[in-house]
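Heads up, the chain below is alone and in the form predicted on its own; it's given as structure tokens.
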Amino acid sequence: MPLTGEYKPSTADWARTQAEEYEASQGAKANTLRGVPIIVLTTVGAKSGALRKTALMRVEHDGRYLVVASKGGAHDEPKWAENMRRHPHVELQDGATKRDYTARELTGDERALWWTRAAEVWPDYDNYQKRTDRQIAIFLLEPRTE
């Protein structure tokens, strides 16, 4: 069941523009960052309940996706991480395909495996982790069956 609610665009012009162009073109435009494919994640705001859209690196394996709350190694994490902890039902658009997923924060060996996959796609993730004292949260998105 697709997410419903009011869309509140990002306050960052570049992020808003990329997510909106990607979505409007069904992934035909604004679909890379420094040559690497992206996806658009839609979350429900933890406080506002509004829909939030974020362009993120495409890390996919066997129909499941990983999203990395790196924020470039900042000391605070992106707001969408808390959104997913509170509301794990999310939408992900990969090209023209948009589906519902359930987000689950990873730990332990499963986290280590998926972190390696993420760093293969975007090697800067390892550098981002070195810049911050927090462990960068990662979330596995699995297709919803309802």
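Here the structure is a predicted model, which means the values were calculated and not measured. Residue indices: 1-based, along the sequence shown.
One more form of this protein should be noted, the form predicted together with a small molecule, which is absent from this view; the next part is about it.
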Of the options 113, 106, 119, 46, which one has a non-hydrogen atom that comes within 4.5 Å of the small molecule in the model of the complex? 46
Is it true that 3, 28 and 42, all three, sit within 4.5 Å of the small molecule in the model of the complex, judged by heavy atoms? no
Does any heavy atom of residue 132 come within 4.5 Å of a heavy atom of the small molecule in the model of the complex? no
Would you classify residue 10 as touching the small molecule in the model of the complex, given a 4.5 Å non-hydrogen atom cut-off? yes
4.5 Å heavy atom contact, residue 93 and the small molecule in the model of the complex: no
Determine whether any heavy atom of residue 125 comes within 4.5 Å of a heavy atom of the small molecule in the model of the complex, and answer yes or no. yes
